[in-house]
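Take a look at this single chain in structure tokens; it is the form predicted alone.
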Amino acid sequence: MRGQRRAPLLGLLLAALAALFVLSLLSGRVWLSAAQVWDALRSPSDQLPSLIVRELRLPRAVLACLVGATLGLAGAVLQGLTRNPLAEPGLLGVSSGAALGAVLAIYTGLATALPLATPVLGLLGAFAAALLTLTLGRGGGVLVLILAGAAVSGLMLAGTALALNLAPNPYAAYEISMWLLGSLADKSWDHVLLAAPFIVAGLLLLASTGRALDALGLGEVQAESLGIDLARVRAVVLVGTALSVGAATSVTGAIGFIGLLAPHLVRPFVGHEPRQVLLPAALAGALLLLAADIGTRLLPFEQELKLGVLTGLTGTPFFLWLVLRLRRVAP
């Protein structure tokens, strides 16, 4: 039954994602026709519509799909690993580490000298945070890993706040603040090519944990009796999260709630087995982020709304509903 329900859901998600991808190429402050987009993709030229599609909107749409899929899949994996419906990709401190690395690039002026310094240092920050979380949580259970992630996240957030507080000039403080709000605007193919290999590698690692997550649903003792190496699973999840979410955050900035929402949106249709949730959650995450990015361009504000702001505004009501629902069903 679950397989029969899962196949139509995957088809629906793919169709909706394709439709939004096309809409993303059409929409913006300068609307383009379907014919202009098709001509730009089929026969590139130096005309303005072709440049808008190929150099601005196409990499932005591709990055939205990659980042959204990353957040959705990481959220589903972490919810399965911790057996906590409120788990999300920032749980292990990776997002905060990526944010600190990117902020340091802006703080030191490297971002001005080298355009890709921000995502590169963001990646290094994500890996450093993941290594610290893994070191602190080694030898303990899931609870110890979560506590280690919370401690690392707090440390990285404190470093980010310190850099913002000690910003050398108002321009640096403004750039840091804007980056922390999260955005896909002004992203180029360079950003896609930098982040994509890490994102894909992380996605493959996270997707490989499906069987172990199903076993963990029975409890840690039962999972070990089935031959699951829990320490290895936690390490794979942490490394996969560091690669994929770290790379995504280093390029786009902090984007919340996608990783929390996506698994919950698809779970009623595929059941509660973690392995069945993974692929639909990835597609739902890509769909949500792409829709949010289109929304930032279409909302009638003089300045384009930051993506992290919009996902926060739309995700918070769902989060509150989820908390109230869990409170009602909790024993």
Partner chain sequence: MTRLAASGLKVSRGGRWILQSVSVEAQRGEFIAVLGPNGAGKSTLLSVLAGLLKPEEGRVLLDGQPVAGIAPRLLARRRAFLPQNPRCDWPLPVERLVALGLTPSLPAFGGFTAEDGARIELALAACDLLEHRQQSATTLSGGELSRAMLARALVGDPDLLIIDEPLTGLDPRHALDAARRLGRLAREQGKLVIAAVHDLNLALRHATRIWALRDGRLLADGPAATTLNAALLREVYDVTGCVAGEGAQAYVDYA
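Quantities reported herein were computed from a predicted structural model and do not represent experimental measurements. Residue numbers count along the first chain shown, from 1.
Although it is not shown, the form predicted in complex with its partner chain is what the next lines describe.
Q: Specify the contacting stretch among 88-96, 120-128, 185-193, 201-209, defined as having any heavy atom within 4.5 Å of its partner chain in the predicted complex.
A: Partner-contacting stretch among the options: 201-209.
Q: Is it the case that Leu218, even though its partner is missing from this view, gets within 4.5 Å of its partner chain in the predicted complex, heavy atoms only?
A: Within the cut-off, so yes.
Q: Answer yes if any heavy atom of Ser177 is within 4.5 Å of a heavy atom of its partner chain in the predicted complex; otherwise answer no.
A: Close contact is absent here: in the predicted complex, Ser177 is far from its partner chain, nothing within 4.5 Å, heavy atoms only.
Q: Report yes if any heavy atom of Gln222 sits within 4.5 Å of a heavy atom of its partner chain in the predicted complex; otherwise report no.
A: It does: once its partner chain is placed as it appears in the predicted complex, Gln222 has a heavy atom within 4.5 Å of it.
Q: Although its partner chain is absent from this view, report whether Gly139 comes within 4.5 Å of it in the predicted complex, heavy atoms only.
A: Because no heavy atom of Gly139 falls inside 4.5 Å of its partner chain in the predicted complex, the answer is no.
Q: Let me know the one among Ala158, Val144, Ala150, Leu226 whose heavy atoms come within 4.5 Å of its partner chain in the predicted complex, would you?
A: It is Leu226.
Q: Counting only heavy atoms, which residues in 250-275 are within 4.5 Å of its partner chain in the predicted complex?
A: Heavy-atom contacts to its partner chain in the predicted complex: Arg267, His272, Glu273, Pro274, Arg275.
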